[in-house]
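Take a look at this one chain, the form predicted on its own, written out in structure tokens.
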């Protein structure tokens, strides 16, 4: 639930988000709608009251509720990918992909552990090795939060946090836009939306904007020399990780 709150906070600052609204704003809208229809006005005191309300946030597949699930979204992304030698012909401030990793895994029903994605762990290790960096070096990440739990799992698989502690980092706002390890400043798939085929490239666009200081109201207020994207498919059966560097 804290992941949903955080990602909607970020999505509210993204003009391209499908659900560009914070949870408190959503609550206020529901209260106004109830008043207009002459129905009882909800008495939620905070976001957690709202997210625990079965009528406002129904269970979809236990333990995931409606606000744990990303929407399937219309969207498109364009990325210009060129060799380092000619990048300056297109921009004075290019970003460089210094590490890439891809890995696959067995089908979901054959995995020994449902709290981690082996493909994500292996892909990230490959990307870190190619880039010559460690998880602690990454300043910002966009991860595949098709569900809120997927963000928590991703932050552990990527080595940002120890297994079993990722949820606390969301609770403690370590992964918030102003936290020590910002995750999904775009709003993530949860709030920005999940245009499926365009989702991974969309992550690259957010990293591009953040690292160049062009993310507007949601800009992270610190230097961002290294960032990462993590995109999965096939219920985690495949994962691709890229590491980006700004050199100017």
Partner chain sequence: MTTTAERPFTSASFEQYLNEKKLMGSHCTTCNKDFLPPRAICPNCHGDQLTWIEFSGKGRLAAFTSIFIAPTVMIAEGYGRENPYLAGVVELDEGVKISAQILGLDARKAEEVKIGAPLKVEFVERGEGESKKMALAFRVE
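Positions refer to the first chain, counted from 1. Quick caveat: nothing in here was measured; it's all calculated off a predicted structure.
Missing here is the form predicted together with its partner chain; even so, the following discussion is about that form.
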Sole residue of 178, 74, 84, 110 within 4.5 Å of its partner chain in the predicted complex, by heavy atom: 110
Option from 51-59, 203-211, 23-31, 181-189 whose residues, in the predicted complex, bring a heavy atom within 4.5 Å of its partner chain: 51-59
Could you confirm whether residue 114 comes within 4.5 Å of its partner chain in the predicted complex, counting heavy atoms only? yes
